[in-house]
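Shown below, as structure tokens, is a lone chain in the form predicted on its own; questions about how it binds or moves come after it.
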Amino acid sequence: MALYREQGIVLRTYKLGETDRILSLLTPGRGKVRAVAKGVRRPGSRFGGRLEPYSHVDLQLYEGRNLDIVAQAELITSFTAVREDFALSACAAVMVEAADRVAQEQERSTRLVLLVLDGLRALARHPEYPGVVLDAYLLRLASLAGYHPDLEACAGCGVPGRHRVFSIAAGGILCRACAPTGSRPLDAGVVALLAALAGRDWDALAVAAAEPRLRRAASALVNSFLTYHLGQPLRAWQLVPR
């Protein structure tokens, strides 16, 4: 069996037999990898607590026919604080579920790995509104997956501007000429918050999302947008406190 080395993020874990565990890993070079960590559930395992969900690890693995085998694991970042806080862990669960949906096996995923790490690091800073960090991550994930929401120009005709009608099917906001008759315009604050969520600045989110009414409205749109483009809702979403 060929031995290879990769860094990875533990997306999910599943029990296998009495002492083993199957891991779903997101790696930059090989995309999604399924591997077995043998004896990881046994007291005194050499892997210790290094292969918990959300952990960022440096791995050596043997290639297997159906599942690869973890030969060695060194912890880079544990994200223990995220796992131990219910709200943060719920948000992280949605993050990794969404990443699991869009990642492919044997397909380079460097940008996706970096986005997941950015999202987990933002949660580890104990943000005032964890759900807002999650919404920002999901919109940025949608962009990586090819579903970038048009928020600075009309998704129909391309006319620049912060238009006020949001169309999930069209992929963003629509001007008055392109919006269906009878469409209800969004509050300008919701449009501005969506633009902030889709941006690159994690630290400015708390200021942009200070008003609860705007947070709830933007979050509902993000949920609907992801559900539409992924084909089904994210199961962990219902655990996130709002």
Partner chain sequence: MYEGPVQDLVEELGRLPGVGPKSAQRLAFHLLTVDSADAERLAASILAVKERVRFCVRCCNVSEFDECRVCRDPRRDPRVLCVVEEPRDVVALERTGEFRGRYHVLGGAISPIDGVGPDDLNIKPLLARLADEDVAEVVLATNPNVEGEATASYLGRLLKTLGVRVSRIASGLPVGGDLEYADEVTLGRAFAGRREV
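Residue numbers count along the first chain shown, from 1. The structure presented is a predicted model; accordingly, all values stated were derived computationally and were not measured.
The same protein also exists as the form predicted together with its partner chain; that form is not shown, yet it is the one meant from here on.
Put simply, of Ala155, Val113, Ala93, Val165 only one has a heavy atom within 4.5 Å of its partner chain in the predicted complex, and it is Ala93. With the partner omitted from this view, the residue of Gly189, Gly199, Pro53, Gly39 that lies near its partner chain in the predicted complex is Pro53 [heavy atom within 4.5 Å]. Only one of 141-149, 103-111, 78-86, 165-173 lies within 4.5 Å of its partner chain in the predicted complex by heavy atoms, and it is 78-86. Not displayed here, its partner chain is approached by Arg235 to within 4.5 Å at the level of heavy atoms in the predicted complex.
For the chain shown alone, Gly49 is a contact residue for its partner chain in the predicted complex, at least one non-hydrogen atom being within 4.5 angstroms. Residue contact check for Gly44: one or more of its heavy atoms lie within 4.5 Å of its partner chain in the predicted complex.
By the criterion of a heavy atom within 4.5 Å, Arg12 is counted among the residues contacting its partner chain in the predicted complex. For the partner-free chain shown, nothing in 161-199 comes within 4.5 angstroms of its partner chain in the predicted complex, judged by any non-hydrogen atom.
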